[in-house]
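Starting off, we have a lone chain in the form predicted alone, written out as structure tokens.
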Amino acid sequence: MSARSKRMHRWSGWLFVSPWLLGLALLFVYPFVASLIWSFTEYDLLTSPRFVGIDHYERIVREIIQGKGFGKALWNTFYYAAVSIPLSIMLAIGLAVMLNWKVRGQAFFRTLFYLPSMVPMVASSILWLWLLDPRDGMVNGLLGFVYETPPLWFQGIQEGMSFSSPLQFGSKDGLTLMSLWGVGNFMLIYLAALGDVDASLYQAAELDGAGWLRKFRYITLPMLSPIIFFNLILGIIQSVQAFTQVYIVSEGTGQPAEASLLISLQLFLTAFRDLEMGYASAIAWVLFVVLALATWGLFRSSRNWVHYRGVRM
């Protein structure tokens, strides 16, 4: 091949990848760098940015200490993630194990449990607003038979995991129930992983006298550990990015008393309602660092509990 033909091939390659490179530069690299610069400025989108140093980061530290603003949103997000992620993983594994049984109508039940995850987020949010209505909702209608004071759900500030108010579920607990509604995506991944488990492992365990609980503990869970690890990281990211359902159930305010103000909603309100783009950029970067540290910690710890075909990470 001549030198001219080689240059033509090289330029043809660059031409074909240029749309992707352009999108990468405009939609990722530029916003990434711009947000870092804006985090050190006072910027309201209407006037030129004014350099203020680390003022925004100092404000974030103060709000974390005081439990207000970003500190409140950080706690709400942590609570939501700490409750919803373990519950979704346990529920998805339980459903996958049951739906893996060889019973009549297996395909029907698999479809039935997966369908809720296909419902658009806006529609499911409105549905849960009706289900968890404190006065006319179906959930409180059922709880009323056994519970004298039904929970306020999206109209309350209580936390179900708080020992000071047991069973007084509030806004974050309602959001957790909504997250479990879409657990079908996780269930499908676990179901595929269960089909890949070697049946000879269960047969060998039965020969040793192991019951279903021991087989689940020493075979099923270790074989599912890579999927659990994947869904754990994915769940953390989704918990931080949860926005649509939070915006709808709180009418875009995070009320009552900021009980449903997650970081994603606070970031949106700070940037586009209060026009504090500099402060919003600082929040985004703090959030980026927190997620990076959490992911790094999970990868470091995974070597102790994640198994890949008999090999630990």
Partner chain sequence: MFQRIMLAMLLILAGIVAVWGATISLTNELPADREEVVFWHFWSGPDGEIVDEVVTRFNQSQDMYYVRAVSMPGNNFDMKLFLSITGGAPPDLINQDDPIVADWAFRGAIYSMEEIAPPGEVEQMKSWLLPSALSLGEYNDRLFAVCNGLDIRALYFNRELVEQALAEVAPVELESVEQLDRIAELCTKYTEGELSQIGYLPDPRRLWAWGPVFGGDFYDEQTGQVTANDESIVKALDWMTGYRKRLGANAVATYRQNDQSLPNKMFPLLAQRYAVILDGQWRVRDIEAAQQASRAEDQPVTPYGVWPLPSKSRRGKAGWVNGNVFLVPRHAKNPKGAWEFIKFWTGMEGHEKDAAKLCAAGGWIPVSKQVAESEEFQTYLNAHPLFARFVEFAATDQVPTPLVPGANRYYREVNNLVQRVLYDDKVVDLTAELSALDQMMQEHIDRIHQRPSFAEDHADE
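Just so it is clear, the model here is predicted, and its values are computed rather than measured. Numbering follows the first chain given and starts at 1.
What comes next is about the form predicted together with the partner chain, which is not displayed.
At a distance of at most 4.5 angstroms from the partner chain in the predicted complex, all three residues 42, 269 and 272 contribute at least one non-hydrogen atom. Contact with the partner chain in the predicted complex, defined as any heavy atom within 4.5 Å, is confined among 126-134, 230-238, 82-90, 183-191 to 126-134. The partner is absent here; in the predicted complex, the one residue of 201, 157, 97, 139 having a heavy atom within 4.5 Å of the partner chain is 157.
The listed set 37, 27, 257, 61 contains one residue whose heavy atoms approach the partner chain in the predicted complex to within 4.5 Å, identified as 257. Residue contact with the partner chain in the predicted complex: residue 152 places a heavy atom within 4.5 Å of it. Interface residues of 46-71, taken as those with a heavy atom within 4.5 Å of the partner chain in the predicted complex (partner not displayed): 46, 47, 48, 50, 59, 68, in sequence order.
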